[in-house]
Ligand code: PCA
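Next comes just one chain, in structure tokens: the form predicted on its own.
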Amino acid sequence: MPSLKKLALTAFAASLLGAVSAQAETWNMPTPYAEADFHTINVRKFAKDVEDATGGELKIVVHSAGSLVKHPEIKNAIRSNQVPIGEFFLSLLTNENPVFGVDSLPFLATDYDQAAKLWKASRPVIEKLLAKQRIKVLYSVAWPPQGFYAKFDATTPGDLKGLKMRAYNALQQKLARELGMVPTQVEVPDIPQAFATGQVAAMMTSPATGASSKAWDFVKYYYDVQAWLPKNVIAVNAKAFDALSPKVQAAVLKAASAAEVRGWEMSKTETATKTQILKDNGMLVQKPSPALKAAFQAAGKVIIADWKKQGGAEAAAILAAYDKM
């Protein structure tokens, strides 16, 4: 029979194990995109970095492709602490406040350097607005520059009139209307079916989304207009974050900082790689005609002016800070 000493040691070890287990925490994290998407790959690396840095004290379980919470509901799920952390497309919140759509303003920031400056200029305002909803921003990653996809060759503004265009936020809806198109809300997983059923005949999105949705199966033309570089935000419920120990908080912030740098580099690679995939699968990748580009830019100026008016002092502050960079 085991000695009393051995029994005591076993009990002590079990108590230590129980204490460690009690301290460990698991966060479920909904994300909108498929496993192969570079955003999801980056999020999974972020989650691993957090778990490694905390010795398993905090484990983040990623639920991709809207499997846990649908994309339009993720932000509010974080706010209400239904989930402690999640990823969402920032400009989906434009209906709440125009400022959230700053990175989707057509032709305001059209390359990665400009997009990084715009994020730097807008982040303090966005963080303040989300903090009012008990949401803390961890990091953000830009999508590749947005291009225009169509079923047929569009060379003049008249070619766009009456086309049903997938519009994933309020600013895209305005752009579609300015160009004489009909905006239709379609989430990324539903893009192929939307084209197949005639729900839409055109879309403005990144080469990454075009490749992941196999755009060549339903459209032939891709115009590299580089209209804007929208961003995803990875954010946490403020109460959940505050409940972490200072050591774990520091590990989360460090992993988030690394994920932001890594994610932007992945986005740049994604642009080149996925544009080539569009070409390799028979899509006609080309620059827009001067007339079409002018029409897009003219519509963009109208939208930016309207956004600045609606966004008030906060929008003006962002643009002023951006202009100084």
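Computed from a predicted model, the values in this text were never measured in an experiment. Position 1 is the first residue in the sequence shown; the rest follow in order.
Same protein, other form: the form predicted in complex with pyroglutamic acid, not shown, and the subject of what follows.
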Handout entry: Partner contact for residue 222 in the model of the complex: pyroglutamic acid, 4.5 angstroms, heavy atom
Key = no
Problem - 4.5 angstroms heavy atom contact with pyroglutamic acid in the model of the complex for residue 101 - result: no
Practice task
Using a 4.5 Å heavy atom cut-off, state whether residue 188 contacts pyroglutamic acid in the model of the complex.
Solution key: yes
Practice task
Report yes if any heavy atom of residue 230 sits within 4.5 Å of a heavy atom of pyroglutamic acid in the model of the complex; otherwise report no.
Solution key: yes
Practice task
Name the residue from 122, 94, 206, 140 that puts a heavy atom within 4.5 Å of pyroglutamic acid in the model of the complex.
Solution key: 206
Handout entry: in the model of the complex, the residue from 195, 148, 168, 88 that sits within 4.5 Å of pyroglutamic acid by heavy atoms
Key = 168
Exercise for the section: Specify the contacting stretch among 75-83, 140-148, 153-161, 111-119, defined as having any heavy atom within 4.5 Å of pyroglutamic acid in the model of the complex. Expected result: 140-148
Completion exercise
Contact check, 29-53 vs pyroglutamic acid in the model of the complex, heavy atom within 4.5 Å, ordered by sequence, gives 33
